[in-house]
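Quick setup: one chain, the form predicted on its own, written in C-alpha cells, and binding and motion questions come after.
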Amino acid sequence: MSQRLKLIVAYDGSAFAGWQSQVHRKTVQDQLERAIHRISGAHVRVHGAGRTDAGVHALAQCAHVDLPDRRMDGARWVMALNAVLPATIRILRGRYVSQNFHARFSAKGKTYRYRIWAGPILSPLDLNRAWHVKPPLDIHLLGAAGERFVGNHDFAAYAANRGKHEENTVRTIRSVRVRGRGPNLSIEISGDGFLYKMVRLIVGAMVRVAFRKATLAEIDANLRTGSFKGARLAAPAEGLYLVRVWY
C-alpha cells in the first residue's frame, strides 16, 4: 500500500525565509521535515507544489511526503504535526494518495490572492498582511489592467531571474479578478503556472496603471514582445497568498 501522504498546509509567511529548504535559514519545508522526524524518527523529504518566497503566505499549499509505514492514518498525522509545529504553520488536511501523485508535477494550476490596503492608515492588524498604498487608486483601471494578462502569453517581461535561465516563459492566465470594499482590495489570479515573482510583477504593473504611471498599451506591448521597457515594480511579498493548487 502507498505510504505517500498528501498534506494541505497553511502558514504565515512573514515568519519564514520562504518554503524552500535553505542552509541556515528558517523555512516552511525545513519545519515540516523536522516535525515528521520528531514524530516518526524518519528522515524524509517533503515536496511542495511550488516555492513561495520569503514573506509570502499560504492558505492551502499542497505537499506530499513518502513515509516508511502507515502506522498512523491521515487524521492522526494532522493532529500530531499540529502538536509540534510552530503556531505559524498548520496542517489543514492529510490523506494517503497513490504513488503516481506528485504535489508539484501533478498540479494543473494555482490560484493566488493579492491584498492591497488603499487607504491613508494601515491597521496594525494588517501589518505584513497587505500592501499599503496611499489613495487615490483607480479600481476600474486596476481591473482593466488585470484583464490584459488573461490568456496565453509570453510572460518573460513579468518574471525575475532566479539564477538560472527559464527556457519556456509562456503561461496561460485563466482569470484576474479584482474585488474591493472601501480601501480593502484583493486581486485573485488563476493560471496553469507562474514564473519567479510573476504574480508580484503583474500586480505591480496593475497598480502602476491604476496610479496612471503606466498605460494599458504598455502592458500589451510587454506581453507581445516578451521584454519590458521602463521601470518594473514588484508588489511586496507580504500581500501575496497562495490560495489553492489545482489537480
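Counting begins at 1, following the sequence as shown. Not measured: the values here are computed from a predicted model.
There is also a form predicted together with a further copy of the same chain; it is not shown, and the following applies to it.
Heavy atoms within 4.5 Å of a further copy of the same chain in the predicted bound form: which stretch in 96 to 104, 136 to 144, 152 to 160, 75 to 83 meets that? Partner-contacting stretch among the options: 75 to 83.
Could you work out which of R148, K110, R129, R171 is the residue within 4.5 angstroms of a further copy of the same chain in the predicted bound form, going by heavy atoms? It is R129.
Just to be sure I understand the contacts: of V44, A221, L59, I39, which is the one whose heavy atoms reach within 4.5 angstroms of a further copy of the same chain in the predicted bound form? Only one option qualifies, and that one is L59.
Answer yes if any heavy atom of T88 is within 4.5 Å of a heavy atom of a further copy of the same chain in the predicted bound form; otherwise answer no. Yes, T88 is a contact residue.
Heavy atom of L233 within 4.5 Å of a further copy of the same chain in the predicted bound form: Looking in the predicted bound form, residue contacts with a further copy of the same chain do not include L233, since no heavy atom lies within 4.5 Å.
Quick one: does Y11 come within 4.5 Å of a further copy of the same chain in the predicted bound form, counting heavy atoms only? Yes.
Has each of Y114, G193 and A214 got a heavy atom lying within 4.5 angstroms of a further copy of the same chain in the predicted bound form? So, no: the whole triplet misses a further copy of the same chain.
Could you list which residues of 121 to 147 come within 4.5 Å of a further copy of the same chain in the predicted bound form, counting heavy atoms only? Heavy-atom contacts to a further copy of the same chain in the predicted bound form: I121, L122, P124, L125, L127, R129.
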